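Given as structure tokens, the chain that follows is alone and in the form predicted on its own.
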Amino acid sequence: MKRMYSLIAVIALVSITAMLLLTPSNASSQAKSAAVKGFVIPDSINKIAQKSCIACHAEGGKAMALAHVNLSKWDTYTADKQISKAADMCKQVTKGAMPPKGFKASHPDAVLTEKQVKTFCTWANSLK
């Protein structure tokens, strides 16, 4: 009888250990999910960004542009930082500073329409 309890205890211990090692709730998985916070960029904004921003403000982009905002790392920014970056982006596209003149000259299709600026700023203001 004692041997049976020992065998059950060993099986239970092995089972629990296996479950802990095989489940996605280990420390690295928890760290990754903890890093995902803040706001997801919606498709309507992604379309605008793909056309007018990503060339400079994503991995492989211009160093100075990446220093201001790196859209490839958006998910790593805190919610407060995302709000601040989105508000600054709205300000820059509203006054026509972004995309910059040189980029607009060589990529005339990257110029945001009034509707796109409004869409972008509506999204940015909704984060507050």
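This structure is a prediction, so every number in the text was calculated from the model and none was measured. In case it trips you up, residue 1 is the first one in the sequence shown, and so on.
Keep in mind the form predicted in complex with heme C is missing from the figure; the text below concerns it.
Not displayed here, heme C is approached by residue 100 to within 4.5 Å at the level of heavy atoms in the predicted bound form. Although the partner is absent here, residue 88 is a contact residue: one of its heavy atoms lies within 4.5 angstroms of heme C in the predicted bound form. Contact check for residue 73: every heavy atom lies farther than 4.5 Å from heme C in the predicted bound form. Though the partner is left out of this view, residue 83 does not reach within 4.5 Å of heme C in the predicted bound form, counting heavy atoms only. The candidate spot formed by 57, 64 and 93 is fully in contact with heme C in the predicted bound form: every one of the three has a heavy atom within 4.5 Å.
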